[in-house]
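First come two forms of one protein chain, each written alone as structure tokens, so that there is a structure 1 and a structure 2.
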Structure 1
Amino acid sequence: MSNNEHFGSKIGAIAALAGSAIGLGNIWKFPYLTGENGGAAFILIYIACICFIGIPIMLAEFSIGRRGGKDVYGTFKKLAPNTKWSAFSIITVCTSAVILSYYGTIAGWTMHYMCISFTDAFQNATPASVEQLFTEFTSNPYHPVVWQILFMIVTAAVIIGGVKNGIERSSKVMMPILFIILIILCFRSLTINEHSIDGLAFLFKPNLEVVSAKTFMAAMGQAFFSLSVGMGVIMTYGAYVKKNENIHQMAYQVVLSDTIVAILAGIAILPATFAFGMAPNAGPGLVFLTLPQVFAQMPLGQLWSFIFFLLLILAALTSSISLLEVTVAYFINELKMKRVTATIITTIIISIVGVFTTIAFGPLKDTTLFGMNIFDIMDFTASNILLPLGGILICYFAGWVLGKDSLRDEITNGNKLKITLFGFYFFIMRYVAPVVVLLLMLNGLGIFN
């Protein structure tokens, strides 16, 4: 059962946690959000969100998870018996289904793009031809669905392998490959021509004029999404971390690697975009519409394209397994299912939801709410409502229910470690994060307008 399972080594645990954090959020989403929100100004606000909100919430979630040592439901039942806190697991199961459904859509597109990299699909690409390729593929009622289901099957296969042999082992292989590929792509992007440097300037020179309430909301939503906090993933993985590990240090390592990868992804994508005179604000289509044109103009473009989409798949996979594990752990512990059965059932349910998200670009493209299609609704609801809401509840629980002594005991491994900033984190968890996150969330939803 999952509450008896543990990561075998510290490095394996970090690979799995960083694997969850580093994903499509870093490579697909962060560069286009930066492109849409004015470059460096967005990055600065994002980093502030990471430092002052992200790290404390990650620590809170990590501590709760390791202290409870079970799936989300079991953990709350153990730490706050006879309360309604275990109902939080319902939010986590819903959030993981929502995120995985559209995660699978993008990952499926990525698999398709990797496969067509070696055909002549991107050759002589023009804005009109890549647009046509993209629209034809994504609006097809079957093809993207097949890819999405294939991606879910691969995710399920890793989860069936269990915590040590599935999650940990695969992350330990995939994460180093991901880093290497990313560094190579950064070099390539920076050395295309003299305009590459404009992309760097865009990334690192803040333009504060474009900052608005929406920028803060986008940065905060992205911080939650990118760090995988607010929905029980860190809690579930925290339960697999051994009692003698330093979770404070691990949290920093995860946050740091996640932020470095996001910035590296920006360096791999935006200078290349500028080098070929393309606009950085293509939105979610940036990697599917802009990059194929960039690859088409590069020597050995097919190879670079293949490598890039492979990178994206690896990143997606280490995150999707963490999303699936939250629900699988719940089924194993609370419904007493075998891991295989739990995985198959959850994968089928989530894939069915995912089909609707995928065909939101085809047969269901006219089904909209507030001007958003099903895909946009899923993304918006997860990043801007469910994750921040989960974050508020986690901070509230750590600050007011679990309390200072238990929290300190968990973070310091029973007073064996010295954590200088503990008082600061606790203050943020208790008073600052719940209020700030709530205000940003309501502001972003337009409540104050």
Structure 2
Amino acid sequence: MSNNEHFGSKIGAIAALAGSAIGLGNIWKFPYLTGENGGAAFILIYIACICFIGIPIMLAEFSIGRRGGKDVYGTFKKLAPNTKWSAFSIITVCTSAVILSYYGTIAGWTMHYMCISFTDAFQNATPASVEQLFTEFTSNPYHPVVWQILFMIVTAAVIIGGVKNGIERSSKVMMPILFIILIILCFRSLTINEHSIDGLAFLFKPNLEVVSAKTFMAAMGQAFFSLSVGMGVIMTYGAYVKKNENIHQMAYQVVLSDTIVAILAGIAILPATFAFGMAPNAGPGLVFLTLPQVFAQMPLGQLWSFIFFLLLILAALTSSISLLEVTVAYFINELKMKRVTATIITTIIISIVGVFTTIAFGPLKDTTLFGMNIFDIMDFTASNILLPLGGILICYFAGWVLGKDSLRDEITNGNKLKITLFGFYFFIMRYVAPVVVLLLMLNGLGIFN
């Protein structure tokens, strides 16, 4: 049974938890958000949001998960019996499945780009040729689907291994490799030519003139979504953490790892764009449209392209593993399935949904609702409704249902640990974080536009 499984070591637990938080959002989204919002000013606001909002929310979900010691549904059923909270848990399980369905689409694109890095696909690249390459691939009715399914198979293979031999073992291998690759890419990015330093200055020299309400909302949104809170991942992994571990300390270590990777990604990407005179605010197209042009102009560009997209795949995989485990844990505990059976069934279901998000750029590109294709609808629903709703309800449950005494007991390991900031965390969980996340939700829904 899943709730009887635990991480075998503290380092393994931290690697898995950090892997769940570190994903495409750190390496793909953070650099372009930084580029769009004025560089260092955005980073400073982002770090403040992580410290004052992100850590308390993560600690809330972490505490609930370990307190319950089961899958998301089982945890709420145990901690709040005979209430409607179990219904919320079903929404959380569905949230992780929805996110993984379109996450696999982007990861599939990344696998394809890694494989074509050693071909002449990016040689003599121009904006028009790179855009044509991307459009032709994503609109193909078969090729992106094959890559998406392949990525899901790799994810499922790790989950089948279980918590200790699958999730923990793979995380302990992939996370160090991810950091090593990032550091190598940072060194290369900073040594391309004399203009690389301009990218570094853009990252670390605050430009307060560009700071606006939009900057704060973007930073808060990235801080919230980057930590994988609100989707049941931290709660599920929390159930696998042993009772004698210091989850307060682990939360800090996970947040620190997540933030370091995001900043390193900025160092690896933005100086390279400045080195070749390209815009740092290229938006979501930075990875798939701008960077191939950068690699095309670099000595050994094919090798650097391969290494970069390998980095993206590792980041995607560590997150997809955690997303799939949320649903698998529910099937194991509540539907009494064996891990292999639960993994195969959930992978098939999510992959089928993922096929529709993948072909949303091809055969179904004209199928839209409110001007959005299927991929955009799934992303919008998860990012602007399901995830914020999950975050708000987790904070409410920790602050008002679980209560101060139970929360303190869990975080301090039965008052064996001294947590000096507990009162601050509890205040944020109860009063501040729900309001902040609600503002993010309303902003994402366009209320403030």
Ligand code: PFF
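Everything numeric in this text was worked out from a predicted model, so none of it was measured. Residue indices: 1-based, along structure 1. Whichever C-alpha set is largest while still superposing within 1.5 Å between the two forms counts as the rigid core.
Between the two renderings of this chain, the form predicted together with the ligand is found in structure 1; structure 2 comes from elsewhere.
Core-superposed comparison between structure 1 and structure 2: the C-alpha position of Leu402 differs by less than 2 Å.
With the core superposed, Ala40 shows a C-alpha displacement of at least 2 Å between structure 1 and structure 2. When the rigid core is held fixed, the Cα atom of Gly371 travels 2 angstroms or more between structure 1 and structure 2.
Taking the rigid core as reference, the CA displacement of Lys205 between structure 1 and structure 2 comes to 3.3 Å.
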